[in-house]
Ligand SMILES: Cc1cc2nc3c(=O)[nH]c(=O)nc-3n(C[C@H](O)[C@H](O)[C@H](O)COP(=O)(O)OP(=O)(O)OC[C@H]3O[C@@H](n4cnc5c(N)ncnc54)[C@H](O)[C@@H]3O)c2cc1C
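The chain below stands alone, shown as structure tokens; this is the form predicted alone.
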Amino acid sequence: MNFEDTPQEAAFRATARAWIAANAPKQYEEELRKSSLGRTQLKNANILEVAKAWQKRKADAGWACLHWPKEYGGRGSSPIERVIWQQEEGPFGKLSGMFIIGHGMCGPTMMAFAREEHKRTYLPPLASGEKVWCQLFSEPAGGSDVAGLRTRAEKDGDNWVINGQKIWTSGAHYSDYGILLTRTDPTVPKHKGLTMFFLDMKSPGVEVRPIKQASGASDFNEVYFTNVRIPDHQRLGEVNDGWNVSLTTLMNERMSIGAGVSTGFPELFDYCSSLMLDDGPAIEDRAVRSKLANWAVKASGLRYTSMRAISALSKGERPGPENSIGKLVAGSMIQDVATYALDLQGAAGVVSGPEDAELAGRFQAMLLRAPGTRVEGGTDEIMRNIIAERVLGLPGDIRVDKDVPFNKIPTKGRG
């Protein structure tokens, strides 16, 4: 790829830069610049409210969800223009993290499978940040094995009645809508009896319970469904074809997480550039430089892998399994980077409070959040299987339940 701007791209960049300079919430710039994975928050403001206000301002000026069609709240821009915008938005782009699931996963799924009237009704407020969406896939008995889910959907006239539980649902506690994967036929193999819907998260029978994390935050949730009624017109795709619908969501999910997750490398490099060790500046230490060089190569590889995905999108191709590479590498890398940073801090690394810890506990928060990054969107093991089988073409893993009807698969507790 040629990474130099064309004249048209340079003009787009100049326009975007000027608009951001005139409209961005500069009062939060320094806090956002210093924030990192696991600790993106503002001291004197509600970050969700700030994020919604910034997203709405962008939408009103035509800068929201740039690659989406105009009729759905976007700008109709090219994938390259989207990248240019992200580069120019800089630290203010961290506010978009509140909408990554809706914009990166739910939106593309709705565009591909929802009715046209639903696209025109629900996508513009999703693009503008006025409505937040979540993704309801994982369950206690079906995490990375999404097809092992047990939440039931039973037809009742023109409605479906939902009963079951989801877990690890990011942002469910502040979401307005969600896409929901359910089991509609337990008598066929597990991948063939699934159906997807979208629903109002304020529907009667929906209960959201935030989960307290090791970091003290509550980004994830349990969601319970008790006789929740969803109209059939809110079904996405055909009945029992939910697995194919979910592939659109999952491929976009892995691309969004892999392209958007922080690696921690820029923060570590800045830290080492100012850190003094017993025998001199950390940046001049051979062992430190060796570590930094290794992570610099990985960070560069992630960038170019992301660019290849963007190039494929610009040609109209669907996000593929190769996007699992970015998530796999970035997830483990941020954990390794945070661990090394705390090693450099020595005894001070055990202090994690933002008021007392070195660098306001940035690397401590990173380390506590890193395991979640390695699990969400598919565990490292699932990512390796996808890469091995669907990218490298290696023999498939043994799946003894592949062709067994779901209700015949043995489970704990059954005789």
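Just count from 1 along the sequence shown to find any residue number. Source: prediction; values computed, not measured.
Not pictured, yet referred to below: the form predicted in complex with this ligand.
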item: Interface membership of T379, this ligand in the predicted bound form, 4.5 Å heavy atom rule; value: yes
item: Residue contact check: R369 to this ligand in the predicted bound form, 4.5 Å heavy atom; value: yes
item: Partner proximity in the predicted bound form: V375 to this ligand, non-hydrogen atom cutoff 4.5 Å; value: yes
item: This ligand contact at F99 in the predicted bound form, heavy atom, 4.5 Å; value: no
item: Contact stretch among 331-339, 69-77, 234-242, 163-171 - heavy atom within 4.5 Å of this ligand in the predicted bound form; value: 163-171
item: Candidate spot Q135, S144 and N385, all three touching this ligand in the predicted bound form (heavy atom, 4.5 Å); value: yes
item: This ligand: the contacting residue among F198, F265, F113, F220 in the predicted bound form [heavy atom, 4.5 Å]; value: F220
